[in-house]
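This document opens with one chain alone, in C-alpha cells, the form predicted alone.
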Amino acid sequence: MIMPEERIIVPKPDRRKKIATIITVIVIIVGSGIIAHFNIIDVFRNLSKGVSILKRMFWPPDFTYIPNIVKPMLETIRMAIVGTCVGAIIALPIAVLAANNFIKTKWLHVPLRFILNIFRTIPALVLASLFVAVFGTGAFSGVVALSVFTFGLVSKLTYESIEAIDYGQVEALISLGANKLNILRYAIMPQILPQYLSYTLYGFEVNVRAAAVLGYVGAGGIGQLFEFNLAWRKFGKIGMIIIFSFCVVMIIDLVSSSIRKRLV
C-alpha cells in the first residue's frame, strides 16, 4: 500500500526575537554614542573645515618633499623587518610549549597562554612609549616594541595551528618510540611551517603600519616626521607623507599577500 506523501511543515521564524534583537542592537549603538558624547550634528557642522584641511593636504601634491620622506620610510621598514623577525623567532618555541597537544602539562601551557594574552592586549604604541622611557628615543625602542607585539601575535596564532594539526602523524611516531624532539621535527613542524611563515608575513604587514605611528612617542621612523609637520601645521607635507606611505604599504601588502597565498 502506497502511503500518501507527508507534507513538511517549516515552522515560521519567531518575529518577536528578530525585532527584539534589532531593538537591542539599536539601543546599544545609540547608548554607546550618547556615553561617548558623539554628536552627528557636530560632524556636519565642521564638514567644511575638514574639506578645507583635506584640500590643503592633497591639492596640489607637494612632490618636491618626497626626498625628505624616503629616508624615514626606509627606517620604518627596517624597524618592521627587524621587529618582525625577532618577535617571530622567539614566538615559535613559546607557541610549541603553549600548545596543549604537545606537552600536556597544565602548569606549563596555561601560564604561558595567560602571559601571551597580556602581550596581545597591549598596543604597539603603548609598548613604544614604555620602551622609550627605558631605552630613550630612537629606532631601537621602536624595534623592541614591534618585537614584543609580533611575539604576542605570532605565538597566539601558531599555537592554535599546532593544536589543529593532523594528530595521526604524531600517533604514528609515538608508536615507533619517537621522542618529543622527533615528533616536533617530523610531525608538527612540516604541518605548521606554512602557516607560521604566513603569520610572520602578516605580522610584518601590521608592523609596517604600526611603525609609521611610533614616531609620535619618539620611537623613530616616518611617524616622527609626520608628528613634526603636524605640530607646525604643514598640511601639504603631511598629505605627501600620507600618499607616499599609502603607496609603500599597498606594495608591501600586495607582495606579502601573494607570498602568503603560495604558502598556505
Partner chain sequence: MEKIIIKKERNYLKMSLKALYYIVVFSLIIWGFKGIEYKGIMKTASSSINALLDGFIHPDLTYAKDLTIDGLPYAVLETIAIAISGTFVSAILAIPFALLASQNIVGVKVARVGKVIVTLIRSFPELILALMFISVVGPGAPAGILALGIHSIGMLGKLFSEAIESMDMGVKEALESCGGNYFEVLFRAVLPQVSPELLSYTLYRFEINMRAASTLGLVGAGGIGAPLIFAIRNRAWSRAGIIIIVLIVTVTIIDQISGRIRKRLV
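Bear in mind the structure is a predicted one, so any value in this text is a computation, not a measurement. Positions refer to the first chain, counted from 1.
The discussion below concerns the form predicted together with the partner chain, not included here.
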item	value
Single option in 112, 92, 184, 130 placed near the partner chain in the predicted complex, where near means a heavy atom within 4.5 Å	130
is_contact(residue 206, the partner chain) in the predicted complex, heavy atom dist at most 4.5 Å	no
The partner chain contact at residue 86 in the predicted complex, heavy atom, 4.5 Å	yes
Contact label in the predicted complex: residue 250 to the partner chain, heavy atom within 4.5 Å	yes
4.5 angstroms heavy atom contact with the partner chain in the predicted complex for residue 231	no
Candidate stretches 172-180, 157-165, 99-107, 130-138 - the one whose heavy atoms come within 4.5 Å of the partner chain in the predicted complex	130-138
In the predicted complex, residues of 206-222 near the partner chain [heavy atom within 4.5 Å]	209, 213, 216, 217
